[in-house]
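Form predicted on its own, single chain, as structure tokens, below.
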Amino acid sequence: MTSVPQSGIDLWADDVLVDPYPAYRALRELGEVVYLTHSKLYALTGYDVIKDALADPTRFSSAQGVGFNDGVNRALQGTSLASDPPEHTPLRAALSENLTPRALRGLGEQIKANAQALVARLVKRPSFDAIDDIARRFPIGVVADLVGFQGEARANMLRWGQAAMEVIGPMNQRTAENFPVAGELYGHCSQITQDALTPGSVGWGVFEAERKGIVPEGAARHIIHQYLGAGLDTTLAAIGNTVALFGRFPEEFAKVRDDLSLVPSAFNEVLRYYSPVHVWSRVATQDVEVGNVKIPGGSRIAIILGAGNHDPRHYKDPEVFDVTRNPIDHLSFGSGLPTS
């Protein structure tokens, strides 16, 4: 057993948030496990150790929350994000059942039509803001229709969704400033009823699952909270990152324009190269050995997804943006449990 390397890097410092990859590289060079003295966290930096931890809820638990402050972890209780099997299993099933290609077939046609109409409007302009006019505007309508939000919820989705992600980190100024807005989301979802959602929507179906006893009583509101809190901001980031990377690497964009079959591969590479979520949390349920380093039981752990996505031991030339790479095993949305 070796001593754990230490670093004073603050993952939530402004300069790191603007460009985190040099910090991730420095942490990986120290080791697959690094103790962050500023945040008092153990960080996992390598692809393999991250994937192993995500697949092992008995030792790396989500039940105490996946954020880095007590307030957000209390708010996440009852969601699939803050649960382990067996409690996690029906909550996850209620989420995924309504997100299958078959379930979304009708909505998919509407999404395609809305996208075509948006593009038709934008190309008539001399210029437009890709973040405001595409990355923000388009997903809001999609998620609102998907979940069935109406009225107040639909009008506040952008504020609520972005604040929900801003409060995941430790209790710093940014977190504190966003807590009141995130609290509005929590308060709305804690009171929402099935009648407030569009009949036949995914949100409406979650309440049906609760009525049938598929998920525990009271779980539907937590799942609705998770749909908006975890689903909107990541979509905005992914679309914005796509535009940014195609602008930064026009030769890769040209490849996609010349061969549209590369679209799925290119999007996976966007997700790998610029992770929409960079760091998530687990708690060690016992003393665990990772990369010949012992992490004490009860320790909160930073799972640095963005660092794993740039691990040169897993991806050749990870700093190269390559739309033909098709990294379907990227870690940007975590990693599931083994299927066998």
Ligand code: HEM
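Only a predicted model underlies this, so the values are computations on that prediction, with no experimental measurement involved. We number the residues from 1 along the sequence you see.
If you look for the form predicted in complex with the named molecule, you will not find it shown, but the lines that follow are about it.
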| property | result |
| --- | --- |
| The named molecule in the predicted bound form reached by all of Lys51, Ser299 and Gly306, non-hydrogen atom within 4.5 Å | no |
| Option from 310-318, 23-31, 277-285, 39-47 whose residues, in the predicted bound form, bring a heavy atom within 4.5 Å of the named molecule | 277-285 |
| is_contact(Gly231, the named molecule) in the predicted bound form, heavy atom dist at most 4.5 Å | yes |
| Partner proximity in the predicted bound form: Gln226 to the named molecule, non-hydrogen atom cutoff 4.5 Å | yes |
| Partner contact for Thr235 in the predicted bound form: the named molecule, 4.5 angstroms, heavy atom | yes |
| Contact label in the predicted bound form: Leu81 to the named molecule, heavy atom within 4.5 Å | yes |
| Proximity to the named molecule in the predicted bound form, single hit among Val256, Leu146, Met157, Ile134 (heavy atom within 4.5 Å) | Leu146 |
